[in-house]
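What follows is one chain in structure tokens, specifically the form predicted on its own.
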Amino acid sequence: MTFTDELRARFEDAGQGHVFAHVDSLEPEAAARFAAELAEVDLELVGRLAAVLEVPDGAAADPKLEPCTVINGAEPAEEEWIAGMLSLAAGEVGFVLVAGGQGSRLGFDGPKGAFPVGPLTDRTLFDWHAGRILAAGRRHGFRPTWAVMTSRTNDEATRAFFAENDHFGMPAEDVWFFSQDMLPALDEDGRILLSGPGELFLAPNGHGGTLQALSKSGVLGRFAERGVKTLSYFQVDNPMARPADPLFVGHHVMNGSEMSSKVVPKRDPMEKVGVLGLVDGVLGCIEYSDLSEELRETRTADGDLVFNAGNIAVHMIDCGFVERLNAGGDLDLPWHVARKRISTIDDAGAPIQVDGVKFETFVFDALGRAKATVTLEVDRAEEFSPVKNAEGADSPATCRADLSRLGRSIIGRSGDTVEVDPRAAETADEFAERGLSVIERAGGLLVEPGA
């Protein structure tokens, strides 16, 4: 592909003609690659994003913040449990893993999902999730379908990693890959930034882009062909996520919810995690920084934090709801602005840093568009231990410790490092019912499906 007059005219008319400043210096292969990249840019969207920058920060009045209604997942709910099992057994639930990140923050070269977190083995994040999905298929008698959302930076490596590992025991035709869109970063004046001559500075469009990518890629239609009605959405960094939880599915189904969420109680008022709550009467996620010190510290008569519903990015989302959000051709979610110093080039092609802007959509903003929702509180110790940081809180070390502690609770042992393959058992009851054995291994105890 070349820099046609039509392509140049499109960018010139949009006030973005500067992107061609260095094209004469490009080798033919690089020029063709850049031309193809430019052809994919939605200049109408870029114009709308630039208009977002014209709205001054803080222009809106301070919103009214209130806690939302939360269902306690520890309370008996037999009808919901049965409804969830029936929905799973019917194959009405499909699985969507958000896995577009790299492991660079962990000092790891590769897709984050390929990072090993097994307390005793090198079991990776991808393997933990695959194991839970496969076990759900065995437990409830259905054929799971798993869609993995990648990014431009890790798509090829992710596909190769799955192939090298035989798709972790799932048939290759049941594991689908799709990528989220990338958007050009802009400077403060709304001009598209270049990362180098013939290279746009592109950034992912946020986890909300999952909902758009499902539609654009055709994956949503493929789910429908398999009879899937509801999508189980979860993120790659939390190996304790339970994507096929009958209780969660049942609450979602029986309440006619279009989008449901799992939350955990905050560890303390200062934990920097978003909480689900009402913003001017609309359900959404309230960022830690948006809560005043008074609101963060306020407690109920029982001593619980009023704003206590920590968001763990685990959702049930109806396929019809995703279709509706994409009905106009664009995703019906607000844009969030992330202002950063961005490495780019000046008019002469020299590297510089400028104040730039990236744009993202957030999946939890879809909650405010849903006709009905459910928020279910679950036990952090059983379902949430993300790998986000190289050290300290939410690190590989804390995740391995939590997985081992969970393993000890499953097999009823104490004091040892324990790893229970999720294909084997997810609870102490299941471990006992299946009559599984514990394998002594250097450094601890291991439970595997055939043991």
Ligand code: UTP
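None of the values given here were measured: they were computed from a predicted structure. We call the rigid core whatever largest set of C-alpha positions still superposes within 1.5 Å between the two forms. In case it trips you up, residue 1 is the first one in the sequence shown, and so on.
One more form of this protein should be noted, the form predicted together with uridine 5'-triphosphate (UTP), which is absent from this view; the next part is about it.
Heavy atoms within 4.5 Å of uridine 5'-triphosphate (UTP) in the model of the complex are found in exactly one of 97-105, 218-226, 286-294, 163-171, that being 97-105. Proximity to uridine 5'-triphosphate (UTP) in the model of the complex, defined as a heavy atom within 4.5 Å, holds among D237, E80, D245, D365 only for D237.
The partner is absent here, but in the model of the complex a heavy atom of M149, alone among M149, A241, A136, L376, sits within 4.5 Å of uridine 5'-triphosphate (UTP). Although the partner is absent here, R423 is not a contact residue: none of its heavy atoms lies within 4.5 angstroms of uridine 5'-triphosphate (UTP) in the model of the complex.
Contact check for R400: every heavy atom lies farther than 4.5 Å from uridine 5'-triphosphate (UTP) in the model of the complex.
By the criterion of a heavy atom within 4.5 Å, G206 is counted among the residues contacting uridine 5'-triphosphate (UTP) in the model of the complex.
The closest non-hydrogen atom of E360 lies within 4.5 Å of uridine 5'-triphosphate (UTP) in the model of the complex. Relative to the superposed core, R143 undergoes a C-alpha shift smaller than 2 Å between this form and the one not shown. If you fit the rigid core between this form and the one not shown, you'll see the Cα of K340 move by 2 angstroms or more.
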